[in-house]
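Just one chain follows, in the form predicted alone, and it is written as structure tokens.
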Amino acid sequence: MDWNLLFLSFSAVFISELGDKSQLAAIALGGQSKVPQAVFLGTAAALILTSLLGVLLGEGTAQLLPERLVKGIAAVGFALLAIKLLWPAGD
């Protein structure tokens, strides 16, 4: 087991999930539910499934494309998202 990779993966997902729409949805569902354990199990299962899909997609992509190209595409994508978020909205 690569403990550094485990910690890095946990940290990246934990920080990126704080305050996002799925957490707000879980708060809303948990607040109106008489069974918050069901909300927890449902949201945890959804996060696990989406993480599994991401890992499988990443593994498949790594077998088809060079790592440097995938990282470059990801960097350009994040840069475009950042520019879009910083750009003032047109009326």
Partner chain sequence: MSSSESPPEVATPVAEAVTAASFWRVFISTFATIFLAELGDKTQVTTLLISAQAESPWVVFVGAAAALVATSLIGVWLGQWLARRVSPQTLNTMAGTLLLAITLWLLWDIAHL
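Positions refer to the first chain, counted from 1. Remember, predicted model here, so these are calculated numbers, not experimental data. Throughout, rigid core stands for the largest set of C-alpha atoms superposing within 1.5 Å between the two forms.
In what follows, reference is made to the form predicted in complex with the partner chain, a form of this protein that is not presented.
Although the partner is absent here, Met1 lies within 4.5 Å of the partner chain in the model of the complex, judged by heavy atoms.
Contacts between 38 to 56 and the partner chain, taken as any heavy atom within 4.5 Å in the model of the complex, involve Ala38, Val39, Phe40, Leu41, Gly42, Thr43, Ala44, Ala45, Ala46, Leu47, Ile48, Leu49, Thr50, Ser51, Leu52, Leu53, Gly54, Val55, Leu56. Gly77 shows a C-alpha shift of 2 Å or greater between this form and the one not shown [criterion: core-superposed Cα displacement of 2 Å]. In the model of the complex, the CA atoms of Lys84 and Leu18 move apart by 3 angstroms or more relative to this form. Compared with the form shown here, the C-alpha atoms of Ile83 and Phe14 sit at least 3 Å farther apart in the model of the complex.
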